[in-house]
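There is one chain below, alone, in structure tokens, taken in the form predicted alone.
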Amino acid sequence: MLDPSTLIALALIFPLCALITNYIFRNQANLRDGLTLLSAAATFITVVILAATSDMTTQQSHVLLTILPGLEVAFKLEPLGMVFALIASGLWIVTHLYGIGYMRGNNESHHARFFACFCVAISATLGIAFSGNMFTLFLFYEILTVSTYPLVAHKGTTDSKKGARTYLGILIGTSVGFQLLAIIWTYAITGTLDFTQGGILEGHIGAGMAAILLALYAFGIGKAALMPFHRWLPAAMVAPTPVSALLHAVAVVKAGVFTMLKVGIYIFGIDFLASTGASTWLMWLAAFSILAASIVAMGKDNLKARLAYSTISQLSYITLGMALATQMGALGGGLHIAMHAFGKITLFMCAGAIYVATHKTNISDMDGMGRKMPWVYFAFLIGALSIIGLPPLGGSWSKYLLMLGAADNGQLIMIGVLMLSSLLNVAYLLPIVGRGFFRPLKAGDDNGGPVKTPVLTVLPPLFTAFGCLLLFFYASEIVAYLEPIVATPAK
């Protein structure tokens, strides 16, 4: 049996192997895409073996390189990172299959470059998931930003280049301007950046300074799309839909909120945040982001833009879970990473399927299309209901745990925010389905029979929609798996 260090290395290397094969076989589409799919499967199997065989209670660090004492490029296996790695590697398989159907069905160009950048992004995401300290996480965080820039700019149009510049400018600007400063400050006062059970800051910083340090981290983690540093996310919607799925479900935004949870749990510590009240301001900002983004989403006619603002709102659920500074809130945030991933990737893949088949982007132009694309709209409905938080779909459990976390902190207003948010989710998601099934077709759309849709743009969202249902019944197992992250460390 391979040791954890070797398995971690393989999980990072397999996507890079696919990067190489994409360029070697760039003119042989079936072989190129087949080898990438094989690499994706090998990556997922490796992560599954890691999850099944590794003892994550030892907090053993796997050091790759020592820069300074207490400053290392190192990896560490823990439950939150493992859940993130399983989601990213597993959904890579689904997203790659969908990407093949989308890129070919929409006659997109530069397939090899597109999938090669995708591979680098997945490797960087797994590096973030397995990072043993904030320094290592920051390195992979920046690699993820740079590797996804060409994906956002893929179409080469003026709009896509402008959107990509906004994407890169905000993410690099926040990480270098705020997050890097927070990392240096943390190292200066503690002498370490290791992710440690219970946090590393207690006894090194007072309540007021802790709130300022948390602000540097929160605004520096731009990928969490916390307002006002959220504009990069709608700007990135100029990218092909498989990239939107990558940004919103598999890698980028999940890397942001994952980092937010890691900072709250392993740098500050839940108990330290609770005793100092350092995260109270962040709780209110997250609540504002949840509601404000939902209200903006209601006014967007472009389907991907509406889903983008929905993502901003949903990400703030996870930030809120951390900021509540309760064990249940942190667990709810961790669980919501998985639940939102399956729900939102379903919605974006459905949006892409509609575009490939009809070239429609605005909701107002999609009246009656549900009757012509019933399977796509059915998958959209399931994903939407999971995002809303209705049982028996996975999103209901993460929202329930977040409400319990708010109750534990005596924050009844936050419970109201979560409930109001679900109502707003209904208001901006279900009309899309209603218009698709129950409104008459637009003039020129009634050409008889269903719309021809590439099978690889239909089966993946049906699969992830089924995942939304399956997660409802396995939520308790995920929570049990995550519980050690909030356990009180032995003194």
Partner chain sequence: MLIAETSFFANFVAETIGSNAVAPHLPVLQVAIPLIAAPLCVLFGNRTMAWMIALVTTLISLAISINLLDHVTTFGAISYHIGGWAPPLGIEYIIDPLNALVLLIISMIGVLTVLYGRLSIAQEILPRDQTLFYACLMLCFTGLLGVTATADAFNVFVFLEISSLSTYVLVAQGANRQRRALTAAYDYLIMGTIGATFFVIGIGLLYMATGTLNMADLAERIVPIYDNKTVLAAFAFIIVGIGLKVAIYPLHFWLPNAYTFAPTAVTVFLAATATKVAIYVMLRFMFIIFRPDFVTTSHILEFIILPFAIIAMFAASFVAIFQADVKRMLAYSSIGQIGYMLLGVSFYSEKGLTATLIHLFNHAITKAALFMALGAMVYVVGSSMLNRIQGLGKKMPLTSLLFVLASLSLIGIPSTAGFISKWVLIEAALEKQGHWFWVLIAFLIVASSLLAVIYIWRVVEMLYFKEPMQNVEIKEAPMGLLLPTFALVIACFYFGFDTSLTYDTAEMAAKILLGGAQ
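Just so you know, these numbers come straight off a predicted model, no measurement behind them. Residue numbers count along the first chain shown, from 1.
Omitted from view is the form predicted together with the partner chain, to which the following refers.
Asker: Of the options Gln60, Thr66, Asn30, Asn27, which one has a non-hydrogen atom that comes within 4.5 Å of the partner chain in the predicted complex?
Answerer: None of the others qualify; the residue that does is Thr66.
Asker: I need to confirm a contact call. Of Tyr149, Tyr355, Tyr400, Phe114, which residue comes within 4.5 Å of the partner chain in the predicted complex, counting heavy atoms only?
Answerer: The residue in contact is Tyr149.
Asker: Check Arg165 for me: does it contact the partner chain in the predicted complex (non-hydrogen atoms, 4.5 angstroms)?
Answerer: So Arg165 counts as contacting the partner chain.
Asker: So in the predicted complex, does Phe138 come within 4.5 Å of the partner chain, heavy atom to heavy atom?
Answerer: Yes, Phe138 sits close enough to the partner chain in the predicted complex that at least one of its heavy atoms falls within 4.5 Å.
Asker: So in the predicted complex, is the partner chain close enough to Lys161 to count as touching (4.5 Å, heavy atoms)?
Answerer: Yes.
Asker: Taking heavy atoms only, is Phe178 within 4.5 angstroms of the partner chain in the predicted complex?
Answerer: Phe178: yes, in contact with the partner chain in the predicted complex.
Asker: Would you point out which of 230 to 238, 83 to 91, 380 to 388, 181 to 189 contains residues with a non-hydrogen atom within 4.5 Å of the partner chain in the predicted complex?
Answerer: Only one stretch passes the 4.5 Å heavy-atom test: 181 to 189.
Asker: What residues, if any, in 140 to 155 have a non-hydrogen atom within 4.5 angstroms of the partner chain in the predicted complex?
Answerer: Counting only heavy atoms within 4.5 Å of the partner chain in the predicted complex, the contacting residues of 140 to 155 are Glu142, Tyr149, Ala153.
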